[in-house]
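The data below hold one chain only, encoded as structure tokens and taken in the form predicted on its own.
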Amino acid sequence: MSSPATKQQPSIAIVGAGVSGICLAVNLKRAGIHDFVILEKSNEVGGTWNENTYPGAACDVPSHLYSLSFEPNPNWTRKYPRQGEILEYFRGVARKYDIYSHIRFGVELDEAAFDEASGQWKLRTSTGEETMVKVLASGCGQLNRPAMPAIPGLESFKGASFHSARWDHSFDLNGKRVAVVGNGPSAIQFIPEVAKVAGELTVYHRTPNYVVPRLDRPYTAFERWLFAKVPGAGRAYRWALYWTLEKNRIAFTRGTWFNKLFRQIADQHMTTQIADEKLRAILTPDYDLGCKRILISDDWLPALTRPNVEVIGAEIDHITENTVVNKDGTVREVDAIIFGTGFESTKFLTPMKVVGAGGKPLTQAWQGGAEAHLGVSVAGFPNFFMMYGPNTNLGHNSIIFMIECQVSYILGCINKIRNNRLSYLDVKPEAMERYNIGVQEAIRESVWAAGCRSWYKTEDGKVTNNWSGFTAEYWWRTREPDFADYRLVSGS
């Protein structure tokens, strides 16, 4: 499984050529490490930005912050970048650093098992190949497996049906009767676009979300000139964006004045955009702001007031060959059903099988919910690292900042293994437990621990996805590995 870029067998395998995988790969090369391979199930780099091509797809983090710190882009066209522009940015980074030559496209990791005797991971891929690597790094992320609701009769539907992350561009929505199930971050982006062309659009809206203004706009020619020509202008703007968003973490602590301020902003946004009191009642949440993801949009609420759009607050009972039936018995004929129902976010690394020391599967280690030391290392799984792992998602800032922190930390561990000729290093169970107790204690003070259901938490209520504090704290804790937290095993 040697990559085209290297004659030798790779010593490092990265799973996924998304943002995390590209970031780690580039930093490995910058550190002089070239013996790695990337396994990518898709046909192109970009991860979520390669897969999510639905109309209106965009990022909810400002473009100058949703980019790698070492690879600024002065040419972003607007404040919040669209899917195509983001994808081209990461393709450009991959081309610049010759990452493509390390990638095996169309290859998925089926199973990884750690061999203590050799201190290596034995990998088996979807193509049937087997190989051994010293280090295994996951860049799968949290939002890569679409979640489909178990609605009775869905399999009998004769029209078009698809998830937003698997958009069917061959189906013409013009003039069609379309049903959308879900109202999360993806749905609020594609619904305004679908509403422009559909004959009838019915939005099945189970649990409302708080929505605040996006205030998106194109960058002016002068601003782009400034970012490109004035030394330090882009970096200063990036830092201003970072600290502006960083302060918003205060809003996710229950009872703070900032949380109440955000609630007022969301309520005011709703009042000014939705005049109909009945519709407003359907769209207004009854839980703490931030318990579910806060959505940002300028066109979602206006789209719901279009004459061809109907919002249904009742739950779906079942689906027939050409209808959607509510629990109240209401029947609507539709030509297409689009699911904006999110992802299996708490099932980290699904569906690959990861088996650690002593033959223990990762699924067994995570029976009570996924957890890791700093979201990166799992006790009993030596030389295995994750990016965008458990409890590293954010509600207030750029995930790319977190990924860069994790990559720096992982590089520190890889250098320790290589420079000290270690067979492997393995985070101590007590260090991981101590860390996660602290994370969960801090989360209990946050809005994420409130009573609503969200993709941040498991069915039994454990918050497995979100980081508990400020990103600056995470940077401080990951700036370099503390090897007192690890068991270091020397090579023979």
Ligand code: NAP
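Each residue number is its position in the shown sequence, starting from 1. All values derive from a computational prediction rather than experimental measurement.
This next part talks about the form predicted together with the ligand, which is not shown.
Residue heavy atoms within 4.5 Å of the ligand in the model of the complex occur in exactly one stretch of 224-232, 335-343, 88-96, 358-366, and that stretch is 335-343. If you check the ligand in the model of the complex, you find no heavy atom from any of L136, V378 and G380 within 4.5 Å. Using a 4.5 Å cutoff between non-hydrogen atoms, V181 counts as a contact of the ligand in the model of the complex. Proximity of G175 to the ligand in the model of the complex: non-hydrogen atoms within 4.5 Å are absent; the residue sits far from the partner.
With a 4.5 Å cutoff on heavy atoms, M387 does not count as touching the ligand in the model of the complex; it lies far away.
Looking at S186, you'd find a heavy atom of it within 4.5 angstroms of the ligand in the model of the complex.
Screening R444, R453, R434, R30 for any heavy atom within 4.5 Å of the ligand in the model of the complex leaves a single hit, R453. Between the ligand and the residues R206, H269, R254, R82, the one pair within 4.5 Å by heavy atoms in the model of the complex involves R206. Shown without its partner, the chain has Y54, A58, C59, D60 in segment 34-60 as residues with a non-hydrogen atom within 4.5 angstroms of the ligand in the model of the complex.
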